[in-house]
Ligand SMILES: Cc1cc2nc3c(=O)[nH]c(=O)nc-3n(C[C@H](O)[C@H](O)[C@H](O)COP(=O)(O)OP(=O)(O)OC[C@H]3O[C@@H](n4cnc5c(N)ncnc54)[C@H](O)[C@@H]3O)c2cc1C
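Here we start with a single chain on its own, the form predicted alone, put down as structure tokens.
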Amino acid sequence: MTAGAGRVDVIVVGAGIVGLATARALLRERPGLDLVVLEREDVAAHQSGHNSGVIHSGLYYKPGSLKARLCTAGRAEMEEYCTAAGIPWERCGKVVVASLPEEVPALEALTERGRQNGLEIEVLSPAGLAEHEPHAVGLASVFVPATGVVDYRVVCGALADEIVELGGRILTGVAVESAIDTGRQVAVRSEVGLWWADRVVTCAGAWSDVLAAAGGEKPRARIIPFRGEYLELTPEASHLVKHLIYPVPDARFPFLGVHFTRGIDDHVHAGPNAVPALGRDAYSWARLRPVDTARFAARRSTWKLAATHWRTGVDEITRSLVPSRMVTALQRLVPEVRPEHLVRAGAGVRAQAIGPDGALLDDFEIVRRGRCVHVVNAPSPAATASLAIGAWIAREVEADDDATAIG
């Protein structure tokens, strides 16, 4: 749906799950609010509609961090929301498996971290692992009952319907170029004309840093997109995975490693890898965005990142281009998986924020200045935590005009 520009109380830029949750929270808090969501493409067009569908437990996040707090609160809210809305979901639990001797201490540390975050975690014996995932193998493993699965595209559809029921509008096919606080109002320039709003929230995903910079901000975080490519087990092989099987993640990276996920649709996905994408919406090697690529290459932080992690980058790219390398990684968890058991599935693009020094940033970053709130970095578990994030941002929208950076 598209329409001409005008004046409103609040504009939310981006109809991904965080933008929709924020709009919903604002409308529930202030009935009668004149609110419009502006989206350049369609609802859940990118990260919100191209993820694994996991309702994360909060296992991985540093105790007391924004991620840990919002994930814990958001998980409970997401379960309650889906139940009330009649959206299928399941709290199936997952196993985390240490395959190498050096991963065993890391798994123990991860278990302690999860317990500090209030999680019930069961340390599994070999028999216990066989009970949960009969075809998985490992030197040590744990079971995390709180993990679940859902289709976040369906969640986004329900949120969009509720926004309209609450009196808000969602306009798709409207690309926003900038949002500039003039002091009294915010001028939002879009492809269909100029909008004016009392408050603006930008939730632009992979374009978040571009939009914040266009509004006069100088965010310390800049986005580098990473593509995650998935395979899927054939129906004949899907019995090899009962629920979710994860490796022990490498603590140096904000990625969880190649894993298995039985989704709410009962399909079993395997992956993803994490390869640098040649555009903010580059879902395959064939899609190249020259302007994006040139901007990434021009940044000193990009080259610092590459210099630090080039070996890992080469491994990820090789795993993308040589399917047997992906199969080998999956066989560490489930040795019975064979190349003929796997078919190509979809891909997603993760908006990964990096700092000026090339460091991969792993927590939420939200910048508020005056009448604008910019969600600069909202990595996983943003979908899980989206309702809690939306409520938090809604409170920031009404805060005073002093600039703050959170995350």
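The shown structure was predicted, so the numbers you read here are calculated from the model rather than taken from an experiment. Residue numbers here begin at 1 and follow the sequence given.
Absent from the display: the form predicted in complex with the named molecule. The rest refers to it.
Engineer: Since only the chain is shown here, I'm wondering whether A204 would be in contact with the named molecule in the predicted complex (any heavy atom pair within 4.5 Å).
Structural biologist: Judged by the heavy-atom cut-off of 4.5 Å, A204 is in contact with the named molecule in the predicted complex.
Engineer: Check whether R28 has any heavy atom within 4.5 Å of a heavy atom of the named molecule in the predicted complex, and answer yes or no.
Structural biologist: R28 lies outside the contact set for the named molecule.
Engineer: Indicate whether V176 is a 4.5 Å heavy atom neighbour of the named molecule in the predicted complex.
Structural biologist: V176 belongs to the contact set for the named molecule.
Engineer: Please tell me whether any heavy atom belonging to L361 falls inside 4.5 Å of a heavy atom of the named molecule, as the geometry stands in the predicted complex.
Structural biologist: Looking in the predicted complex, residue contacts with the named molecule do not include L361, since no heavy atom lies within 4.5 Å.
Engineer: Is it the case in the predicted complex that D42, A378 and A383 each bring at least one heavy atom within 4.5 Å of the named molecule?
Structural biologist: Looking in the predicted complex, the three residues D42, A378 and A383 all sit within 4.5 Å of the named molecule (heavy atoms).
Engineer: 52-60, 353-361, 366-374, 337-345: which one contacts the named molecule in the predicted complex at 4.5 Å, heavy atom to heavy atom?
Structural biologist: Result for this chain: 52-60.
Engineer: So the named molecule isn't shown here. In the predicted complex, which residue out of I170, L211, V186, V268 has a non-hydrogen atom within 4.5 Å of it?
Structural biologist: Checking each option against the named molecule in the predicted complex, the one that comes within 4.5 Å is L211.
Engineer: Going by the named molecule in the predicted complex, which residues of 15-48 come within 4.5 Å of it through any heavy atom?
Structural biologist: Residues within 4.5 Å: A15, G16, I17, V18, G19, L38, E39, R40, E41, D42, A45, H46, Q47, S48.
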